[in-house]
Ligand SMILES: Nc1ncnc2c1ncn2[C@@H]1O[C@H](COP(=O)(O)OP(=O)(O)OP(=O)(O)O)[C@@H](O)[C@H]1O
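Just one chain is shown here, as structure tokens, and it is the form predicted alone.
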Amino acid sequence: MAMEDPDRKTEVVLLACGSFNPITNMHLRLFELAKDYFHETGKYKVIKGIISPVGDAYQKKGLISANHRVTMAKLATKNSDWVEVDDWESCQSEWLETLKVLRYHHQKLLSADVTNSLQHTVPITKLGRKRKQEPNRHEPVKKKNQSPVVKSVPQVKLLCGSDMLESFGVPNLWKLEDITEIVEKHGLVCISRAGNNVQKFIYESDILWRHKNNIHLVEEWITNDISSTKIRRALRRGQSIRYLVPDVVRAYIEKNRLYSPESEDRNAGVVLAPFQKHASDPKSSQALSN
């Protein structure tokens, strides 16, 4: 059996957007599950995972400052050799649609690819004294028919849980054109629990069904029901969250006395940013299932 050529595998970057309020062990598990899935297909190579916490302008109830959420995410991924935290989204003064975050990271990879190409083709001239040309020194001769391997730019795929995918059906939460571009040009990796109705949800949507080959469903057989909401509830009640979040995150929460009944009331009564923005937009996702 011939060995697989790693250069022929499609490189993938996994992008997870969300509140991370706070980041939990389950958030980190999503990356590992998705990576295993892609590598088991033999067609993909996951080269990076990116956690992008949402900005404060999202105005979700109980959302603490982005500064704390980004710091906790960075602490949680400090020892990871492939998952990192990007604070570009969280630093924006206005709430950004997920599609814009996907586009940003795709463009960033394109720019990096162009830079790398230039570095490999343009010789770098160092300043200083010229060396005398040695008489028998020659450039290495290229072998005949030797052509460089041209790698395509890695694909940025949105990593999410089944709840995010099903939120596509919530009126005014997503723009229809955004959903279309996400599933058509980028792709989704959805981690769902065994027996979940995600496939039914995709079946009932013409747009999702049309691009179902770009929606990767990964079943989570070792069930894990940890959620940020439950973590905050436990903290408000003075209960332990040990082993539910990384120890460094737990220590940070305790040190800064985060998540109290008062913090949970933050943004109470405030309309979520997407609803404010899309309420009057006829292209919102109320037509998703049509």
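One-based numbering along the sequence shown. Note that the structure is predicted; figures quoted are calculated from it, not measured.
The protein also exists as the form predicted in complex with this ligand; that form is not presented, and the subsequent description refers to it.
Notebook entry, point to check: in the predicted complex, which of 72-80, 104-112, 154-162, 207-215 comes within 4.5 Å of this ligand (heavy atoms)?
Noted result: Stretch 154-162 is the one.
Check: Does any heavy atom of residue 35 come within 4.5 Å of a heavy atom of this ligand in the predicted complex?
Finding: Because no heavy atom of residue 35 falls inside 4.5 Å of this ligand in the predicted complex, the answer is no.
Check: Can you check whether residue 249 is within 4.5 Å of this ligand in the predicted complex, heavy atom basis?
Finding: Contact check for residue 249: no, nothing within 4.5 Å of this ligand in the predicted complex.
Next item on the list: Using the partner position in the predicted complex, report whether residue 59 sits within 4.5 Å of this ligand, counting heavy atoms only.
Entry: Judged by the heavy-atom cut-off of 4.5 Å, residue 59 is well away from this ligand in the predicted complex.
Notebook entry, point to check: Using heavy atoms and a 4.5 Å limit, would one call residue 30 a contact residue for this ligand in the predicted complex?
Noted result: Result yes; residue 30 sits at the interface with this ligand in the predicted complex.
Checklist line | Sole residue of 229, 67, 256, 260 within 4.5 Å of this ligand in the predicted complex, by heavy atom | finding: Flagged contact: 229.
Item checked: Option touching this ligand, based on a heavy atom within 4.5 Å in the predicted complex, out of 46, 26, 50, 241 -> Only one option qualifies, and that one is 26.
Note to self: Since the partner isn't included here, can you check whether this ligand sits close to all of 13, 85 and 88 in the predicted complex (heavy atom within 4.5 Å for each)?
What the structure shows: No, none of the three is in contact.
Checklist line | Sequence-ordered list of residues in 11-27 near this ligand in the predicted complex, where near means a heavy atom within 4.5 Å | finding: Residues within 4.5 Å: 17, 18, 19, 20, 26, 27.
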